[in-house]
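Before any questions on how it binds or moves, here is one chain, the form predicted alone, in structure tokens.
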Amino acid sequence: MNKSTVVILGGGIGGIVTANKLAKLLPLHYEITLIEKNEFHYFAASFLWQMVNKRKQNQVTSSLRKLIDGRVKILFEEVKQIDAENKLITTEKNQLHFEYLVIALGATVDQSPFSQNHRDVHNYYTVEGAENLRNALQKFRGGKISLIVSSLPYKCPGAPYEGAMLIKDFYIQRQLEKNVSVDIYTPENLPLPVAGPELGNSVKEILDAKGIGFYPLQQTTSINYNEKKIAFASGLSVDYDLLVLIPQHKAPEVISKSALADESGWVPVDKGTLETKYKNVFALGDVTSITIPGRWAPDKPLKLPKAGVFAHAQALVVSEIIASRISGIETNASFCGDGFCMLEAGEDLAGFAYGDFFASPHPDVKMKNAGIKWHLGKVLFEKWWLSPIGFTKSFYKMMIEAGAKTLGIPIKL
């Protein structure tokens, strides 16, 4: 049995940022251990580019070890049990006691629709899924492409709409747009509904201009993979030739089996400190459930979207809080609910949405018009994220923060 001062579960965005920040903040005699079952890290934001052949798999992949400060110990193992009350983590190989725990295990996606028996059903939420869809899009010469949001919540609120626009652009570039229709069906009333009607309608206008069908308030009830038919609760039934599915998202099984999850299956936390009901046990990123003010009805509060930008910001806050508790120095660090997103629109253009998701009486989110500068900003962010620890990463960080300051947008890495 091993002991570590701080244990971090998960090597995604939240886990990586927490590990690296604590490596800078904590004295060297404090142990930091990160547990992650995969030795390779995949930058999920680039799966959309991989899908339309603008990235190869190796361009969105890095060894996790290269992204983590060398003082952090990494155990490439799967977490089997979280005993928050007794401060004990069990993997298939080890048991670790902790003083502080950060849970950043993310969300898992249902893989069952993507079997070999369902040849024309794809997704871009995994690196393998994006690669398979890339191959399918290159072979597809004409017909109906349907993007289906199967259930809520899902990771990255803009991803279905970015996916549709990039797929449409893929066929425009190949002069096949007249042969291919692209339609989105979603239970949401507007694109990115948590951000409000102004932003949602702006995205809808872009979809309309590109000839992409948008069908809101459509809850999927069944998919007949043999006949290639989708049925919705509204009574609508549609055919498809190629199905791009936003799959069901849920918390990892180790979370649902723990005492940390609520009835929704996710982990409720204090929205400012990200602390769970157990002292010195924190959760951040997609695995959490954070209530924010309702927009459409005051008695129907919303949940903070699952997005990497929030995991990143929350990781910085949690790191500051843990360091302050270890040192005995007070801190006013608190997650403020600010977030941003570069929304890919095809043609190497992107919009920029940003705002305060904790604002009252509802989230206050604005959107900058699509332009090449926002697309280039996303490319630069990708380069920074996948750069190994060292001078190159520091250089990209300086470039991004300087550019953000010049443009007057709130980005802090």
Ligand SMILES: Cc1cc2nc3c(=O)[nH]c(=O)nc-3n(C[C@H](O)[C@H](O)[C@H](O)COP(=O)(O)OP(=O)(O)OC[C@H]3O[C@@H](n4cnc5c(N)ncnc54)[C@H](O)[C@@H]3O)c2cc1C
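None of these values were measured; they are calculated from a predicted model. Residue indices: 1-based, along the sequence shown.
Beyond the structure shown, there is the form predicted in complex with the named molecule, which is absent from this document and is the topic of what follows.
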### Sole residue of 44, 379, 67, 26 within 4.5 Å of the named molecule in the model of the complex, by heavy atom
44
#### Entry: Contact assignment for the named molecule in the model of the complex, among 182, 149, 137, 159, heavy atom within 4.5 Å
159
### Summary
Only one of 217-225, 324-332, 124-132, 232-240 sits within 4.5 Å of the named molecule in the model of the complex by heavy atom distance, namely 124-132
### Query
Is residue 208 close enough to touch the named molecule in the model of the complex, meaning at least one heavy atom pair within 4.5 Å?
no
### Query
Does the named molecule get within 4.5 angstroms of any non-hydrogen atom of residue 306 in the model of the complex?
yes
### Query
For residue 56, is any heavy atom within 4.5 Å of the named molecule in the model of the complex, or not?
no
### Message
Since only the chain is shown here, I'm wondering whether residue 77 would be in contact with the named molecule in the model of the complex (any heavy atom pair within 4.5 Å).
### Response
yes
### Query
Can you tell me which residues in 230-264 come within 4.5 angstroms of the named molecule in the model of the complex, by heavy atoms?
252, 254
